[in-house]
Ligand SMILES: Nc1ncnc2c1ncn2[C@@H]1O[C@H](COP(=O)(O)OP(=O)(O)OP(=O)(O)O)[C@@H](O)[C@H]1O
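Here's a solo chain for you in structure tokens, the form predicted alone.
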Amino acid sequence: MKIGAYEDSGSARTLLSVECLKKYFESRSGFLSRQVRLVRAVDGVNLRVFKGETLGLVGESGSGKSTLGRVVIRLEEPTEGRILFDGRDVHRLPKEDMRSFRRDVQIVFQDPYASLNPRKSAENIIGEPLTVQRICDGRERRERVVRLMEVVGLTPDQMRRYPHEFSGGQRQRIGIARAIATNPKLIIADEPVSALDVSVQAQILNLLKDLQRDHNLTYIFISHDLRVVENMSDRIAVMYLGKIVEVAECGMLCGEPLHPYTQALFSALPVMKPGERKERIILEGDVPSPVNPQAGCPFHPRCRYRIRVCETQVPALTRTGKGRSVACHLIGNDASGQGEEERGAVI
């Protein structure tokens, strides 16, 4: 997939646009404390997702990946910012149009057991979106559930079984069948294989690829596993402490990461070729608190390249060339000839 062509075609290829998105949670310092502090889970994210692509979203635990996905699908309400889906602001949609949005955007959860109702059979779990969205009911719904189960690699004779009667991989297939039941345009896959055995992960990943090809799906693929994201994604966005620090095409970012945090992530991957060596970047210090973030770049306390401006100014996510954007003071616009108007743009 040539994502660079998407950049040239502008909004015509944009399915989802996230603009200055923030999500803060209230936190108390103690059980009886009246002091309320704000946890900045997502802190000013700008992002675009193009039709038909897989956008990988990576970062260590606590970076805000899953929260961003939940806010996009409106399982959480944003504190600030806009989410545009097919050019429409999803937070200003009337009730009937909101039903359409729920049909077009679905999610596959991380835990394939906790995300399924243990009191419902596979038939009812997969068929529930068809009833809620008023797509079909009765005999037609049953026939459609049979087709969905066959598409994801299950058999019709398993329809009456309950979640505890399935393996982890089979439960995730049920979750995927439920997600595609409404023929969505966008699926948010939130760590869809992290709870599965390695032998099963490849099967689920191949299933997701086949579904994308056959149904023209768009994915936001959230994971902490860089190898999985590299295998699945057309573009990759890297998150750190609630902010996007780098976005690039998959081959570009994996082959030559520019942001110091991205470099550290990829340096931790094991060497695949015998005799090959690479530098291992060890990050010093702890991740700053999202409750009391320090001034300047959120990564500067752990960055070995930091300079004085890093301690006082937050770097904007800036285009450094076609298909890549980086939030780092050491990587400026001069490399690509872009002007100041590119800073902070939705990429």
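Since the structure is predicted, the reported quantities are computational estimates derived from the model, not experimental observations. The numbering used is simple: start at 1 and walk along the sequence shown.
There is another form of this protein, the form predicted together with the named molecule, and it is not shown here; the text below is about that form.
- Here the marked residues 229, 246 and 319 all miss the named molecule in the predicted bound form; none has a heavy atom within 4.5 angstroms.
- Residues placing heavy atoms within 4.5 Å of the named molecule in the predicted bound form fall in a single listed stretch, namely 61 to 69, out of 61 to 69, 306 to 314, 292 to 300, 46 to 54.
- Taking the partner from the other structure, the named molecule in the predicted bound form has a heavy atom within 4.5 Å of a heavy atom of residue 39.
- Shown alone here, residue 191 lies within 4.5 Å of the named molecule in the predicted bound form, counting heavy atoms only.
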